[in-house]
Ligand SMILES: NC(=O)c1ccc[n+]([C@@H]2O[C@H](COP(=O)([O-])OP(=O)(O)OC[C@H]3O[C@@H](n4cnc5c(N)ncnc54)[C@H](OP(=O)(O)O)[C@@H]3O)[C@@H](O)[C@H]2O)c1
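In the form predicted on its own, a lone chain appears below as structure tokens.
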């Protein structure tokens, strides 16, 4: 087990990639803080799955795109486990709309759901990690920050800005946290087959498949595997890095 007895927070972990990350970390020996904003029944179901694996699980319902929600999440974690080893900033959304048709609400939601959580939760967790002289922060970015054409669904400019900002900001935070032994990295998924697929342009999805050298969509487990690696001792000399997990799509 690569993460035996570690305490890991996984934001947005009631479903999709976040759920798979939480379960995979539990299989690797970690105790998990499951976070959701609105899907509490699903979050509780994930916690039961984690406990069935012999690990401890705590559910914290909080909007991590706010300072108050981030503080609530970290405070609840410290109350339950006394420390935090790993923070996975996974929460996020996709808004598919042409730039010229994007609304003020689209922009606010894109930043609130994709960038604000990295800022607020990382800021809340880092002082504790830096004091302990160890910790891992891993955030989710996206292929949309690397390509303007990703299968015809190139209508995500608001979210593109937020995901790219995570990749830029983490480097500055990584330099600040490095002397304390805390690493800050990101995983940038390509097209991952989750329930969110149903909300995307289906013609674009088919075109995207032709642009992936490995010839398949990714799976949530592909992303969870990358997260486990960056959270483990094997990645102790990696910081300020974005690991792209996209089947080679960023090269085409």
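Here the structure is a predicted model, which is why all the values come from computation and not from measurement. Numbering follows the first chain given and starts at 1.
Below, we refer to the form predicted in complex with this ligand, which is not included among the displayed structures.
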- [ ] May I ask you to choose, among 93, 161, 172, 178, the residue with a heavy atom within 4.5 Å of this ligand in the model of the complex?
- [x] 93
Task: Interface segment, criterion being heavy atoms within 4.5 Å of this ligand in the model of the complex, picked from 206-214, 45-53, 25-33, 64-72 - done: 64-72
Open item on the list: Within 4.5 Å of this ligand in the model of the complex - does that hold for a heavy atom of every one of 6, 120 and 239?
Closed with: no
Task: this ligand contact in the model of the complex: residue 59, any heavy atom under 4.5 Å - done: no
TODO: Indicate whether residue 38 is a 4.5 Å heavy atom neighbour of this ligand in the model of the complex.
DONE: yes
TODO: Indicate whether this ligand has at least one heavy atom within 4.5 Å of a heavy atom of residue 226 in the model of the complex.
DONE: no
Open item on the list: I'd like to know whether residue 194 contacts this ligand in the model of the complex, with contact meaning heavy atoms within 4.5 angstroms.
Closed with: yes
Open item on the list: With the partner left out here, which residues of 107-146 have a non-hydrogen atom within 4.5 Å of this ligand in the model of the complex?
Closed with: 112, 113, 114, 140, 141, 142
